[in-house]
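Just the one chain here, the form predicted alone, laid out as structure tokens.
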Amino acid sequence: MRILVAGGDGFCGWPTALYLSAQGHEVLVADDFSRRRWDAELGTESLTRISDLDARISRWRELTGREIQTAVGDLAEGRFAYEVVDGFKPEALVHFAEQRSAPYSMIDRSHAVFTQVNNVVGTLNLLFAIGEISPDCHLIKLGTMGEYGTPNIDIEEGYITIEHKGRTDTLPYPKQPGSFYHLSKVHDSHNIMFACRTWGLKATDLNQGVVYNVETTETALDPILANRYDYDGIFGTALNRFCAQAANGDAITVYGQGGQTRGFIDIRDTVRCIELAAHNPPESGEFRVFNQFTEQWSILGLARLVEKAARSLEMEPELVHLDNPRVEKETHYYNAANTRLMDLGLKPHLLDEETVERLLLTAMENRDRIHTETFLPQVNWRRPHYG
């Protein structure tokens, strides 16, 4: 297939592009390198050294003989979105090209506005480009489990059947997003569903859980192909931050009580889910939703797993609780459905002590790249700032 990977230089996009290329698909990566610029803005960097995109693709070609095409530009610019779709004529378009950090979106007014404009407008531009140029193209859009929030009922896959005053209907599952970033994803979902219903497009919304691990089979082939390892308090996941803190001899910091529970998925399963979705497209006019996660963990459970793995490597981390800078429930019910990708053949990798040990060892090998000042919370959900 011809598959366009928008945001293909990023944490999920890069290993996805390599995986799809390795499976024999014709791949084009579109990116404007925003993620690299945000590191500079925030005074941090990936724990692993990241080569530039040209070097990455050149090394991939040398190792495998496979070519990956590139297009550099911003999808929030309508002309670029049209040009890249018109030039490549994708059969599937994987859309990772969004600002993905909840804390980043909550820094101040300007970051919230940027996040929503960048994410919502970029997706709208792609919808119009697909609808006008390649209406048979399957849009595979990365959503987030964070769209649902933490309701006190089971979370279904996108839709829920309800009975009201004697009548029954199947409706989009209610959304309770927890940040301006998550709100942008909700807006995306509504816009995509509308475009499918109105223009007959076909789309899969992948409501992904928190992604852990760094390596895939492809990124591990050579250091130049290495993937990002984000650990800071803005873009880093809690698991990565805990590993970097333990490796650096710092305390493992848990926000609040630590009962916050979410869905999680290994990066190796992320790339496989993308291919499963591409090989099993929806019908024209269909907007389907897959909950893309494989297991549920609480923040405290993750911290204790890292603590255990660290002690097996002769580290002695201290586990401490901080005041939670976020507005969220710290103890709550959480039970989400995730069967549709399993039904398509996903065989998940599950988080274990061995995986955490590899993350710890990678952090130890790159301790000189740790910026400890980025560990502590830097964004307060409770107070708006102009910015």
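Everything quoted here is computed from the prediction, not taken from an experiment. Start at 1 and count along the sequence shown; that's the residue number.
A second form of this protein, the form predicted in complex with a small molecule, is not displayed here; the remarks below concern that form.
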**OP:** Name the stretch: of 40-48, 321-329, 344-352, 57-65, exactly one has residues whose heavy atoms fall within 4.5 Å of the small molecule in the model of the complex.
**Re:** 321-329
Original post:
Which one of 294, 189, 213, 208 is close to the small molecule in the model of the complex, taking close to mean a heavy atom within 4.5 Å?
Top reply: 208
Original post:
Which listed residue (202, 111, 272, 100) meets the criterion of a heavy atom within 4.5 Å of the small molecule in the model of the complex?
Top reply: 100
**OP:** State yes or no: in the model of the complex, is some non-hydrogen atom of residue 255 no more than 4.5 angstroms from a non-hydrogen atom of the small molecule?
**Re:** yes
Original post:
Does any heavy atom of residue 219 come within 4.5 Å of a heavy atom of the small molecule in the model of the complex?
Top reply: no
Original post:
Taking heavy atoms and a 4.5 Å cut-off, does residue 305 contact the small molecule in the model of the complex?
Top reply: no
Original post:
residue 144 near the small molecule in the model of the complex, any heavy atom under 4.5 Å?
Top reply: yes
